[in-house]
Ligand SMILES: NC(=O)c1ccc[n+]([C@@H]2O[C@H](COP(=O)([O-])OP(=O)(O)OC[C@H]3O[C@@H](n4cnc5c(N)ncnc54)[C@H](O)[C@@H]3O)[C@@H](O)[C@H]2O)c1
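Here you get one chain, nothing else, as structure tokens; it is the form predicted on its own.
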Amino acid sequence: MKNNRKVKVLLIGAAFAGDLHMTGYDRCRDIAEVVAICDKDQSKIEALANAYGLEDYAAYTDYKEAVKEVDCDVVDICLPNFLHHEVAVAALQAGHHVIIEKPLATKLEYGEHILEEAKKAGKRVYYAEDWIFAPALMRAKELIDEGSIGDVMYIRARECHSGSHSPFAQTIEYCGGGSFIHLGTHPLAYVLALKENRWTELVAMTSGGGESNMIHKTMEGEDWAACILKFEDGTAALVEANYVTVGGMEDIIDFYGTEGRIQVDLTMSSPVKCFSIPGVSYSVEKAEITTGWSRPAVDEKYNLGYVSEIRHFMECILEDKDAMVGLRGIDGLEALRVMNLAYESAREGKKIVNDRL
């Protein structure tokens, strides 16, 4: 580390994703300082700052002003998908590293442009895929590496719930697609990281969007999607995402080995069981009701990986190095490229072969 220096952070976006990242900054105040927050809604800035006890910070409602005026090391972009590209480019051109929430961008060419600008500026893009630092998945990786289940032959990973709270997830222009790009980005980026992006072929299907959807007929993008990938080492993975799952967020990852298997439940595995007639204030993300029996989450943001992810980024910036595999800009770009190819496969009903290996 460099002489106890702290990374200066400009956080852009003070809503849902901004709160997730602020949890991480709050727990690594020894090496990070949020010096400014930008959101078009001043009340959201104040609410977020108050929630985490921030006092000495600057507030902006225009990101263009913020990236030019704020003395910071990194700009953390916690905005709707369609804004990732333009804000990242502005931040890079202003001479800052950037952290970008999933997905990297709504279009592949936008993602490519972000990385081009980073190269020109001599700055880094950090891709915020929290699953990689989820403690349960890290432990599963340790078990796999020690040979506990033999050779892993197949992985099944999914993120599902009943529908996004964001109005920007309803249209392809603002989201980039439907459930696959909005939810499937997590399991997809995770399995790609495990296999260092060395996939060989894929085939995918989706519900199609609009009237073809299973439930969400007014949503432009698909409300169900699945993609099967094969990798260079012979393993296979099934990645699923949907908006047809009620009862709260379902993040489940299964590893099938030659001598055993591992199942990881990131969201419904709380050790707390509660029966409540009036309902608890919060049980798990996307739960429609909290009455009766529920499994209230314990430190949900930590268990999903956000806290350790943010610390990793801060350490990387202090040490002037890139992030680990899965959390680099090139990994976010590869995940976006595979998403686009999966959509192509689903549209045209064909297998896609990776021509870049």
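Every value quoted in this text rests on a predicted model; they were computed, and no experiment measured them. Numbers follow the displayed sequence, beginning with 1.
Only in words, not in the display: the form predicted together with the ligand, which the text now covers.
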Inset, instruction - Work out which of the listed stretches, 220 to 228, 96 to 104, 144 to 152, 196 to 204, brings a heavy atom within 4.5 angstroms of the ligand in the predicted complex. - result: 96 to 104
Inset, instruction - Work out which of Leu83, Ala140, Ala121, Ile252 lies within 4.5 Å of the ligand in the predicted complex, going by heavy atoms. - result: Leu83
Inset, instruction - Please pick, from Leu79, Cys160, Ala134, Val75, the one residue with any non-hydrogen atom lying within 4.5 angstroms of the ligand in the predicted complex. - result: Leu79
Inset, instruction - Flag Asp299 as yes or no: does it have a non-hydrogen atom within 4.5 angstroms of any non-hydrogen atom of the ligand in the predicted complex? - result: no
Legend entry - Heavy atom of Leu10 within 4.5 Å of the ligand in the predicted complex: no
Inset, instruction - Please run the contact check for Leu333 against the ligand in the predicted complex: heavy atoms, 4.5 angstroms, yes or no? - result: no
Legend entry - Residue contact check: Ala342 to the ligand in the predicted complex, 4.5 Å heavy atom: no
Inset, instruction - Answer yes or no: in the predicted complex, does the ligand come within 4.5 Å of a heavy atom in every one of Leu20, His165 and Phe168? - result: yes
Legend entry - Contacts with the ligand in the predicted complex - residues in 175 to 197 whose heavy atoms fall within 4.5 Å: His182, His186
